[in-house]
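The chain below stands alone and is given as structure tokens, in the form predicted on its own.
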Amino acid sequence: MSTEEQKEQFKRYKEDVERRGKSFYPHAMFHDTVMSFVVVSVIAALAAIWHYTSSEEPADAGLLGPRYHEEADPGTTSFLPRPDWYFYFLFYLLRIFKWPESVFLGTVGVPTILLIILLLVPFFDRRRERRLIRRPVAVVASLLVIASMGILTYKGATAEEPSAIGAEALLAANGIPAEDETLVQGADLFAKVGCLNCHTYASQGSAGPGPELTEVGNKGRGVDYWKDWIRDPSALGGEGMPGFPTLEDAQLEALGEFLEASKGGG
């Protein structure tokens, strides 16, 4: 398209705006005001329904969910924070770029590059054509973005964390019989108190900073040693590992039995 044709199209566009266009005030401002009022009214109505159909009991869900869940435990070590649903795509993107050298690419690189491309599109594509059938590149790119965001959001919402691993899975992965209730309790505590956040066990959990514990029972240190170690590692010369002084003696016994039985038999 030549420069003269572009100027002619722009002239016709300005004439159409002056002949058929509407000013921002009061037309567009009125529409924005009405929509803002509708959005606020819907939010207020949902909040009122949630408040008046539920009670302070966690079991009473009401129409839109319970008013309160279980009280937060400030001493827990197994809590794994998760983002709001609209950040699930970025949450799962970090699981793909999980190596320290590539975290920057997943958090800053990819989103920033896509945002820059989106901001530059109006400066490169200045055609007046708006029919979708005549814009295949834009349509395909939009569909790919929507599909990618949807898949990443779904994967992020359904991704399991180390604390979601059950006792049965840990026992089976290491060939430990599940008939012993003490071992089952120890494996369950191992998964819940946050051990897998720092240790690897039978290919589950984190790769550090703690050592792998799959075959730790082969050291033959005994249950009492593990009880003392878990309660206060610093008393035995351990550095970097936090203690668990709030665990009861029966829980420490179960964890010690579980670690002593972990000999890599899976």
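If you're wondering where the values come from, they're calculated on a predicted model, not measured in any experiment. Heads up: residue numbers just count along the shown sequence, starting at 1.
Below, we turn to the form predicted in complex with a small molecule, even though it does not appear here.
The contact residue chosen from P209, G62, P26, G222 relative to the small molecule in the predicted complex is P209, the criterion being a non-hydrogen atom within 4.5 angstroms.
Heavy atoms within 4.5 Å of the small molecule in the predicted complex map, among the stretches 185-193, 134-142, 101-109, 83-91, onto 185-193 alone. In the predicted complex, the small molecule sits within 4.5 Å of a heavy atom belonging to P242.
Although the partner is absent here, I230 lies within 4.5 Å of the small molecule in the predicted complex, judged by heavy atoms. Taking non-hydrogen atoms only, A261 never approaches the small molecule to within 4.5 angstroms in the predicted complex. Residue contact with the small molecule in the predicted complex: Y201 places no heavy atom within 4.5 Å of it.
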